[in-house]
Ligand SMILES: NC(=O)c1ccc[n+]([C@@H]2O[C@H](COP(=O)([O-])OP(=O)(O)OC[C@H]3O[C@@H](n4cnc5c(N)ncnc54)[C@H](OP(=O)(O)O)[C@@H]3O)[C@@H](O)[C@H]2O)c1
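Take a look at this single chain in structure tokens; it is the form predicted on its own.
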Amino acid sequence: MNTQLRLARRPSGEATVDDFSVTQETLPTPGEGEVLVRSHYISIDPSSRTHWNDGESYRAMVAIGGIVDVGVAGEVIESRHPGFSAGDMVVGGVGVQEYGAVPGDSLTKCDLSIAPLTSWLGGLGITGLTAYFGLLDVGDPKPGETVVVTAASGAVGMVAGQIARIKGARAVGLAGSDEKCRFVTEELGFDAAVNYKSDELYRDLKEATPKRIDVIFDNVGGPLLDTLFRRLGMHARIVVCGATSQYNNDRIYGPTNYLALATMRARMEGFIIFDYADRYEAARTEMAGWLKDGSLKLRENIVDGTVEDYPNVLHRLYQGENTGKMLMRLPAAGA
């Protein structure tokens, strides 16, 4: 049997256990061009919450009764696609279930000689690619410029800040505790870090950005972005990657001092990672080189659980109980 997690109703605010249902069905059989994957790790991402709303977006919302569709790393059990064989390790949108029959063209085969399977779901997966293209293509940092990354100890932020450093920029991270700030500077090599919960946030931010800010890589949104706008440099670029502080709100908070964009001749631009699909392989090749020479470091926070545990693990992410990329390890992956 195959255990699955389905969306039972549209959440109001943060999703709770009651917003989901657990079902069991017979093991799926892959059709022509499909691959049967046994899930080992499930990606825990704050942006998943935006897929459970009603309405329209850049992608289809999860239907009521539909499987919660998140990224998964796992093993090919059976293949009817010429590019995959039983035993291959892959990542893709299998969803929160123990087994999934999915189109082979939607999967990425993982080379475990480059990085462990978990990293293919994190730093070498959509998470890391989001940091790569958002920073380099949208933010376009120049050597010597100051790049500020919000949620810097998180899955995307930790990679974005390190790439800024690799490209010769000065990286400043914002994180929610002194411990996370130390992780950002001492382990990841950011030039400075600021605890955004500080009673003297603007003072601390001003000290960390004496030459103002050239690039903001924003994962948080909300009032924190207002504060950052006060430090914009001339021709600054604001990369709208995410807004974790707003995903559970009925009404989205927008920047109140957006006229700073005009004053500083700055631009604020969003992006969707899937627009860069034809460049994923080249980006992964470059990032693999950074992993090999030690200039890029990845951390995963792995929580053991079952399909039924997914809502509670996601709640832990929203409570700030995470450093690095958060993954849920299913029993199939072993210890």
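Don't overthink the numbering: it's just position in the shown sequence, from 1. Quick caveat: nothing in here was measured; it's all calculated off a predicted structure.
Here the subject shifts to the form predicted in complex with the named molecule, a form of this protein not shown in this document.
This chain is drawn without the named molecule; in the predicted complex, the residue among 160, 91, 151, 147 with a heavy atom within 4.5 Å of it is 151.
Residue in contact with the named molecule in the predicted complex (any heavy atom within 4.5 Å), chosen from 273, 291, 64, 27: 273. Though the partner is left out of this view, residue 74 does not reach within 4.5 Å of the named molecule in the predicted complex, counting heavy atoms only. At a distance threshold of 4.5 angstroms between non-hydrogen atoms, residue 176 is in contact with the named molecule in the predicted complex. Remark: residue 120 does not count among the residues lining the named molecule in the predicted complex, judged by a heavy atom distance of 4.5 Å or less. Although the partner is absent here, residue 180 is a contact residue: one of its heavy atoms lies within 4.5 angstroms of the named molecule in the predicted complex. Stretch 127-135 is the contacting one of 112-120, 258-266, 199-207, 127-135, since its residues have non-hydrogen atoms within 4.5 Å of the named molecule in the predicted complex. Counting a residue when any of its non-hydrogen atoms is within 4.5 Å of the named molecule in the predicted complex, the hits in 299-330 run 317, 318, 320, 322, 324.
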